[in-house]
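Coming up is one lone chain in structure tokens, specifically the form predicted on its own.
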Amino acid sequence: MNGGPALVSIMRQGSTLIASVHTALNDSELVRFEHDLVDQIGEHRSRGVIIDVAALDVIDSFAALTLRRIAEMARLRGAQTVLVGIQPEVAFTMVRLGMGTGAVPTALDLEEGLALLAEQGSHHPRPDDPEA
């Protein structure tokens, strides 16, 4: 996103994009992440997106809203999104504050997120995908 260590990494695995958030992002970094990820969904014709937030010990209301927006934009572009790795303390705080992930499915970790996408048919390789 800018110089220094990567704040977010986005990798492709078949027709799925896996975005790992490595550290807390400020509002402008969240917006940049949103644009980058949505652009890559179209570029790679992704059918599934996993956003891993295991490294975050706080998810504020703007971050939660941005994650929901990303999932909705991905859905409109034909990709299912799963949010994985929400820490127990973060989940507890989000519930107490009335914040949630809306209709965005969640899973415990990356492995369960991939399994959830596979169950929903989002992780099947495309016939024209040479990397599948």
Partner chain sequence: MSASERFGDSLGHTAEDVADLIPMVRRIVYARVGSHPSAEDLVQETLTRVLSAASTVEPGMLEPYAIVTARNVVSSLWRDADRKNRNQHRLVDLSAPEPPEKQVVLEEEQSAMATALARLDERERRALLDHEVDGTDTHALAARHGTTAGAVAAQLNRTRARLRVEYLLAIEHVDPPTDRCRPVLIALSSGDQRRQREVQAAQHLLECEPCARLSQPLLERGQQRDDCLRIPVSSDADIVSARRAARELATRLTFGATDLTVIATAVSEVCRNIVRFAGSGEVVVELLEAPRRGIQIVARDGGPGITDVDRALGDGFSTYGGLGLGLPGVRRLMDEFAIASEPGHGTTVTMTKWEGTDRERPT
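Numbering follows the first chain given and starts at 1. Note that the structure is predicted; figures quoted are calculated from it, not measured.
We do not show the form predicted in complex with the partner chain, though everything after this point is about it.
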query	finding
Interface membership of V90, the partner chain in the model of the complex, 4.5 Å heavy atom rule	yes
is_contact(E43, the partner chain) in the model of the complex, heavy atom dist at most 4.5 Å	no
4.5 Å heavy atom contact, L25 and the partner chain in the model of the complex	yes
4.5 angstroms heavy atom contact with the partner chain in the model of the complex for L97	yes
Location of the partner chain contact in the model of the complex, chosen stretch of 60-68, 74-82, 33-41, 46-54 [non-hydrogen atom, 4.5 Å]	60-68
